[in-house]
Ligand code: 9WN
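The chain below stands alone and is given as structure tokens, in the form predicted on its own.
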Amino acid sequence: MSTGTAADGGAPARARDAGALWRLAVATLDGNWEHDHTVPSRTLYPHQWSWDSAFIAVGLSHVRPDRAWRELRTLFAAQWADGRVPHIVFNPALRAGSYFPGPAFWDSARVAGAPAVATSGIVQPPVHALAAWLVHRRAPSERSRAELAWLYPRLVAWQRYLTGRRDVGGAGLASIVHPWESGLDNSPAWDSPLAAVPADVAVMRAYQRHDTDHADAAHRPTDLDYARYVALVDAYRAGGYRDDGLGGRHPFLVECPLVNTALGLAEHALAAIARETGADPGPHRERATRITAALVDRLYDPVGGTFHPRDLRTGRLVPARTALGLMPLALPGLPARPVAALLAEACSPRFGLAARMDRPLPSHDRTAPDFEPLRYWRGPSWQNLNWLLWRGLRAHHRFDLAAGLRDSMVDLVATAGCHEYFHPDTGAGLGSPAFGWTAALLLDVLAEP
């Protein structure tokens, strides 16, 4: 259990004082501010990350709304011509080799349509429209309306990229080409699709991983995982990061429940943004309905009562029961039967959601034989997944369960500080301390009654 200070992301043991936690979160975000964006952490993640910035903007809206808009504007200034929002925007002020895989590995400068700044070539879940709407709603002003007007066409282009170029399955859902695009890098959900990706762990001898310099290697993806990650980037980069013909040439293609939940949530948010900026909200509502229907049709298992990724290489649902399967609960238009089934799944011993929670919500089924409480996305609890589920519970009027999850989120930081993720049994802080989205989303749940 951490007993550090605000500077290192720690908090006094069981310090549940809301004022102290608020100050800790603000100090964490202020400490991670980097001239025009917020780094997820000063150690593991020294550049700008896509979905991190969205979550961070939500938190900043409560204390630094100007920074919240700067966060989103900086990210979308690096949007590619085809509409994609890259998952990393590299800070040119940092020395080469300070992070792996860095700008030279991605080599975006050689790709037509890439921005002037160096970026990666893959994406992360499209939570940005939701973030933009929440920033405006929580700090409305003439400035915020102008920012929405600037962002709106860029957010629409981002949606069109995902529902157009990335609709490999042809059913209206976006496909991911790399586990990193899901945000849940080494989730057990990717074990089966990744097993078909040819890779030799010896390839990692040519690279220097930096994540294991700052976190225990036993908590991080393995070298074999990384060899497959590298192989997938090599394959995508070799094709100039093009998305045409992916079905015939790319070795990893999956429809992810979280990515497509975010896609649907974005259309709901865009409908609200359209009303605010004088555009037509109707098409966004229609697309949200179609995405939700496609999610249920393609990714829901009515027998098991949860959602699963679909491996487009095999056409089959991936059997692992992970927190990814709970994320569609965040959609306000989800039909009643899947809602009831997901609530039962979330409250089962696999995940332990309750009005009074004994343990944090894990990222993977804690009854599964491959559950690992210390290794990254294979068991630990993450505040961004908790936050999305918390919002979904409120949307479906399960305020009792939402309150239990909120209390659990607050207790995690009160016990361990603003860590990157947390032990799913003890609540101990894991990964990087002073982590941006943990601080930001703490502010958001503290601000709600």
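The first residue of the sequence shown is number 1, and the count goes up from there. Keep in mind it's a predicted model, so treat the numbers as computed, not measured.
The next section is about a form of this same protein that is not shown, the form predicted together with this ligand.
- When you look in the predicted bound form, the only residue of 86, 379, 257, 183 with a non-hydrogen atom within 4.5 Å of this ligand is 183.
- Although the partner is absent here, residue 424 lies well away from this ligand in the predicted bound form, with no heavy atom inside 4.5 Å.
- At the 4.5 Å threshold, heavy atoms of residue 292 stay clear of this ligand in the predicted bound form, well away from it.
- Contact annotation: residue 69 falls outside 4.5 Å of this ligand in the predicted bound form, judged by heavy atom distances.
- Mapping the unseen interface onto this chain, residue 40 counts among the residues with a heavy atom inside 4.5 Å of this ligand in the predicted bound form.
- In short, of 183-191, 357-365, 294-302, 316-324 it is 183-191 that has heavy atoms within 4.5 Å of this ligand in the predicted bound form.
- Using a 4.5 Å cut-off on any heavy atom, the residues of 414-438 that reach this ligand in the predicted bound form are, in sequence order, 435, 437.
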